[in-house]
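Single chain ahead, by itself, as structure tokens, in the form predicted on its own.
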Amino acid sequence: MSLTEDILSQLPGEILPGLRRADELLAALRADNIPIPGVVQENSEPLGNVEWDAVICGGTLGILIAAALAYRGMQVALLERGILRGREQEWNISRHELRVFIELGLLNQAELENAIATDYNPARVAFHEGTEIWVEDVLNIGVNPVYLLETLKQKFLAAGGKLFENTPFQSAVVHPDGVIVNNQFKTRLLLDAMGHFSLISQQARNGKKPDALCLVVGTCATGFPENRTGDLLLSNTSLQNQCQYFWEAFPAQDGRTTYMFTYMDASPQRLNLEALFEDYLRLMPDYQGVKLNQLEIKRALFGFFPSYRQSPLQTPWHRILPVGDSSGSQSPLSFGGFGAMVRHLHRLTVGIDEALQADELSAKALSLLQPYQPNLTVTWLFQKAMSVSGNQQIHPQQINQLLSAVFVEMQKLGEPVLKPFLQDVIQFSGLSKTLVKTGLLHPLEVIKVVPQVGLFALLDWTIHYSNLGIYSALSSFSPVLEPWIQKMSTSQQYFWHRWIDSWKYGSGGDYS
């Protein structure tokens, strides 16, 4: 019996079978052996009267946008395949990002504080045989999903929203004047919040294999030495199994959560989640300074996150908009989920409201709600620099050495450069300064990464880097346009506001 089998078989629930089911899905995805769904169809006949402004499929994170839209007076239905309830594991985020719940009127200050289960400082970034950096107020807040989702659910219902639990999404038929969902719910707009493996997103991507994967395993346990600090990005080994392993660790309300994750391509030969969990259990005691038999493991965590270069996703259908992980609006460095949804919550709420008011619900108009964002696209090069292909030969310490050099220079440049990057926000000024200093002071580390990532990827990156600079300039100019935009029609305002949003978010200008 492997260490993974021994540990996971002792936990309540079907943890080990669940891990193996996830590996079966991962293997099918890597083998390009997942059937293309046919859940969305089109019909040229008018639908007639519609009951809803928006139907949202996927309740766990869909409740965020559902509550925000209902609060603005829209008729919203939320479909959830099970019972809408938050998981036990906390969601980590930075405190300033939570302000959006107050700005949108979804929570008051007391409710927001009640949603915070843990609050710690500082957090560490460190690399094997390399640099160690400490930062404060980055992903240092643990939000209680059970409390947050229940509170938002009650706010949603009080605002007139309708929740349909135990109602999985089955089908959608797009008509010229609306969408009928599950042959029952007639709506002007369908929002897909069903996550990475949404059937709608799979059909929209025509079954395309992901360009990269992030595999994550971990546990929440008690028995660790007292430690109220966290780790944001840490490696304590060189390459193993053609992977660079990274760690995250956070204090939790009922113990300490530790994750191990790695980036890779989608080749069928790469290791699976069960093998990664075996390495996690082997390496974690040394990482945390504790023996496994001293720990009481409360929960096991595992998953894989696909990334596509063609993201955010823009569906080919009118009146269907993917949001959250369904859209791929997170960078290939990020797990997505709660943090990515919160970051775009205000932009999406206002944009969807304006789209409905202007009746701009065509595929072209809705594509502006999930626009090209160069500050996300440039991170593809960073993802490639933090991973190794299956047959590639590099020095076992090359990734650690490169990251050490980069973070040393970012630390010297100060928090305005370091903090946004650690929160998955890339800005032209900070990136440019970091590149210049790293190139001048660590030229060998930079030169070694060129054959690792490939010349084509490097040339492609320069285009997105240039666009990042252009978007930054456009975003700084956009406030001048607002008085002029206010004189336009509702439809014209919708398009101009979406372009301004794309410049702002695409340049990292939303970070404050």
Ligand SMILES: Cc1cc2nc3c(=O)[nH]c(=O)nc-3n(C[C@H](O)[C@H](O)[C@H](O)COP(=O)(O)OP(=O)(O)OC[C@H]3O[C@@H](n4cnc5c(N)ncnc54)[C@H](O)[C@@H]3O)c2cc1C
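One-based numbering along the sequence shown. This one's a predicted model, so the numbers in the text were calculated from it and none came from an experiment.
This next part talks about the form predicted together with this ligand, which is not shown.
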## Note on the structure
The one option of Arg347, Arg205, His442, Arg81 with any heavy atom within 4.5 Å of this ligand in the predicted complex is Arg81
### Task
Sort through Lys412, Arg282, Arg87, Arg228 and report the residue having a heavy atom within 4.5 Å of this ligand in the predicted complex.
Arg87
### Query
Heavy atoms within 4.5 Å of this ligand in the predicted complex: which stretch among 391-399, 266-274, 361-369, 164-172?
164-172
#### Entry: this ligand contact at Pro210 in the predicted complex, heavy atom, 4.5 Å
no
### Close approach of Gly351 to this ligand in the predicted complex, 4.5 Å, heavy atom
no
### Task
With heavy atoms only and a cut-off of 4.5 Å, decide whether Thr60 touches this ligand in the predicted complex.
yes
### Message
Is Val216 part of the interface with this ligand in the predicted complex - any heavy atom within 4.5 Å?
### Response
yes
### Task
Spell it out for me: taking this ligand in the predicted complex, does every residue among Pro312, Asn467 and Trp503 have a heavy atom no farther than 4.5 Å from it?
no
### Query
Across 289-307, which residues bring a heavy atom to within 4.5 Å of this ligand in the predicted complex?
Leu301, Phe302, Gly303, Phe305
